[in-house]
Ligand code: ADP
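Here you get one chain, nothing else, as structure tokens; it is the form predicted alone.
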Amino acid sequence: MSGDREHRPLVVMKFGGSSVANPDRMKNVARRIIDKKREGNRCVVVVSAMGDTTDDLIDLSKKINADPPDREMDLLMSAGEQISSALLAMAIQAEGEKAAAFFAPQLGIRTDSVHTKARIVEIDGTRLQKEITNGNIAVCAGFQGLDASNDITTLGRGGSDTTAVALAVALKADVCEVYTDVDGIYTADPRVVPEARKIERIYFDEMLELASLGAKVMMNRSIEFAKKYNIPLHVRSSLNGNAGSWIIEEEETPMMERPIVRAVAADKDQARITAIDLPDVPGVAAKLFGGLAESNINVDMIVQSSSEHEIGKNDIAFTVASTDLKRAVERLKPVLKDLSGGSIVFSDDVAKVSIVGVGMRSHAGVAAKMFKSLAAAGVNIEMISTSEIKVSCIISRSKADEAVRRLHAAFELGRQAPVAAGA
């Protein structure tokens, strides 16, 4: 019997907080999982905290301690996923199927010791493999791991997606299904662009760019995992049985047959920092960004230019997540003091708007078309960053939604046909 089980497809199913926000949705998810198993699959489930649980825990911590230690925050924050996994296992059991819930120490997920932003080092899937072989549905608490000191860590934003993909890799799953409250990946946020179209198939590189540029459906770390180990991802709704969007490795499609631009994204959680009048000598940028790296602050777009105020001085402007702005500014103060010059100005009233598509590699004039569309909408561009498959601009946050709508229309994304499978 166990031999037959080993040959059935193994599916990792991840459910977000909105999918298990209340008992009724939890029961609906339980039935969805049971249906998947009864279709002949072996199932591992990863679940996020229910609804607003994580935000509620953060608010509670602030009432106790305005600046809570990261280690204790990780212990607190991991509780939400533990509650969800236990309740979901109970819901599955209530429907007559075998299930067992697990949290970090039982899952064998080892991480580094960077609390609140830990990275997975290794996974020992022995315990889960045993449960699967015994016919159990394994329900796993996402977002968390265990460091070398056996302290609970959390994986940062989108951590449950990362958990799901990492488990899919460790268990050699056939597919990782990510269930959300939307039907898949869209050409733009449908709340901003009502005519946005669902994308049936999108490549890892495109999705990786979109995830890092503000698309909220999945986070970039989980896409990196999936791309590295070629784990197909299926993003779909937990509220209906519709097919979603497949995220896959790039196919052998002729460049000229690919959509030029696949989607538009906006990230309003951005802040711009400018270090002004820095000495124009070697090593300044290394000291500036080295200090931020030591504080685990990720820097995105960077522009260096000659100072307007003094000959022999430079200005360096860059962007960080708005949640890192305060820490970044504090971390830079001693660096500037060490450099014996310079000052800092900053703003969190900015957004990053981007276009993405592998077809851009073979088409000239895409960036020019983007800039022309933004100019026609009265949108001033403050910073620009490009790669083979994306163009990003920093603009005023108040203009972000209008910029997305203009670009979506300019590149006719609402009418663009999807890439056909095997084309």
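Computed from a predicted model, the values in this text were never measured in an experiment. In case it trips you up, residue 1 is the first one in the sequence shown, and so on.
Below, we turn to the form predicted together with the ligand, even though it does not appear here.
The single contact residue among 168, 188, 137, 88, judged by any heavy atom lying within 4.5 Å of the ligand in the predicted complex, is 188. Between the options 276, 182, 152, 288, the residue in contact with the ligand in the predicted complex by a heavy atom within 4.5 angstroms is 182. Although the partner is absent here, residue 333 sits far enough away that none of its heavy atoms falls within 4.5 Å of the ligand in the predicted complex. None of the heavy atoms of residue 327 is located within 4.5 Å of the ligand in the predicted complex. Although the partner is absent from this view, residue 292 stays clear of the ligand in the predicted complex, with no non-hydrogen atom inside 4.5 angstroms. Taking non-hydrogen atoms only, residue 216 approaches the ligand to within 4.5 angstroms in the predicted complex. Here the chain stands alone, but in the predicted complex its contact with the ligand, taken as any heavy atom within 4.5 Å, falls in 208-216 among 294-302, 117-125, 208-216, 90-98.
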